[in-house]
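Single chain ahead, by itself, as structure tokens, in the form predicted on its own.
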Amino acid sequence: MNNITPYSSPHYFIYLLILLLPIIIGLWFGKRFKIYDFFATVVILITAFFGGNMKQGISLIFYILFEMVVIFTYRAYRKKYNNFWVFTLFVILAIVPLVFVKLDPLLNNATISLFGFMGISYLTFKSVEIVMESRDGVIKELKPFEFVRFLLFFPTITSGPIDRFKRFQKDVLNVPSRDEYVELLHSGVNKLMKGLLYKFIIGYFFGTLLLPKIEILTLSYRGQTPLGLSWALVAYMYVYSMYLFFDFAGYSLFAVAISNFMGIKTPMNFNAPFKSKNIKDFWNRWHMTLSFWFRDFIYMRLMFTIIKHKWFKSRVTIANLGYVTLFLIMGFWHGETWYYIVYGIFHALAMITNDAWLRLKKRHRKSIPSNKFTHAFAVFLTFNVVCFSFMIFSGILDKLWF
């Protein structure tokens, strides 16, 4: 049996819902079967990581053990001391496995990715959050079992959404009332149906039926026009953007739906991102748990450090530096190839430009019109800017130019 990627086919949900049935029945009657929850998690992890190639499963075990050592060593230290550089060291240690995995393709070293397994990025976000919130005093108590349960919550293990420990812990320690659980079931069914539509119908149409054909047409212009530019590339930009959204949003809906069936209110990842009126609004709607994680644990902390040490006086300069740092890190997180880095820089420049426009608009609010037509144009412009960035992100230019 090969490893089974979660939510990869409609058949997966039949077996998954059968596995979840005792959990659903228990919650319906006001009981949370913790032992069965653990059993269900083990079954899903075995099928996803130990089904055929056990390398991913072994890597997952090593990763969990490593992160437990890092986090509980830091928490023991934090009870008596609070040195910034020690804290920084433990944050770095928490991301070391992910750095190894990201460097693997760059160095072409088969041994460096000991921790290489599906979903390592999202588990690392959770681990780093626990280190940071342990320092802040937000997480008062943490048991090894609670840490493992948080990391290995199977509906979200491979691609998020990224939950926060305190929010997750509140849900998992409480059993919803009958009325609350009926609402969760209703919400879960709606999200599951919507996810099936997004991923297996609309996403399939754009990603499997259209995208390969348009990519072939796009690449046929390589060497035939300046930089290989063509209307086919424009079509590729829009089709890839639609595929990226519906495929990923469909997956996220599955994760939230299954969480709801288990009595957990996992946060949503998307909120009509293509209705955004500017690029900042877009990042408040697109992959929200990731963008909020980067905002809370990187951007805001960097802003606080710069202001505290008075490295720069201008708040505009500070904000712009924060954008560049934030989106460069996000670009490198996706991978070390040039188009991911350019994607990050592009969004940093878009955020800087957007802030400059908003400042100008605020100073000249009487002379700059604001109505439904300007709003519609703002949505149209933002949509095209985002689609252009996704075209960069897709790597099609790398194939076209190199």
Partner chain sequence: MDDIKAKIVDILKDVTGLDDAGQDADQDLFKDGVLDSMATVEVLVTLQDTFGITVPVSEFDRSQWSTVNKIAQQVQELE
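Numbering follows the first chain given and starts at 1. These figures come from a predicted structure and were not determined experimentally.
The discussion below concerns the form predicted together with the partner chain, not included here.
Asks: When the partner chain is placed as it is in the model of the complex, are R222, H334 and V342 each within 4.5 Å of it, taking any non-hydrogen atom of the residue?
Replies: Negative, none of the three is within 4.5 Å.
Asks: I'd like to know if K280 sits close to the partner chain in the model of the complex, meaning any non-hydrogen atom pair within 4.5 angstroms.
Replies: K280 belongs to the contact set for the partner chain.
Asks: With heavy atoms only and a cut-off of 4.5 Å, decide whether F84 touches the partner chain in the model of the complex.
Replies: Answer no; every heavy atom of F84 is more than 4.5 Å from the partner chain in the model of the complex.
Asks: With heavy atoms only and a cut-off of 4.5 Å, decide whether F304 touches the partner chain in the model of the complex.
Replies: Close contact exists here: in the model of the complex, F304 approaches the partner chain to within 4.5 Å, heavy atoms only.
Asks: Using a 4.5 angstroms cut-off on non-hydrogen atoms, would H375 count as touching the partner chain in the model of the complex?
Replies: Although the partner chain is absent here, H375 would stay clear of it in the model of the complex, with no heavy atoms inside 4.5 Å.
Asks: Of the listed stretches (95-103, 314-322, 74-82, 194-202), which one has a non-hydrogen atom within 4.5 Å of the partner chain in the model of the complex?
Replies: Selected range: 314-322.
Asks: Counting non-hydrogen atoms within 4.5 angstroms of the partner chain in the model of the complex, say which of D171, E180, E146, E133 makes the cut.
Replies: After the contact test, the surviving option is E133.
Asks: Which residue, L227, A272, L89, V138, is the contact with the partner chain in the model of the complex, using a 4.5 Å heavy atom cutoff?
Replies: After the contact test, the surviving option is V138.
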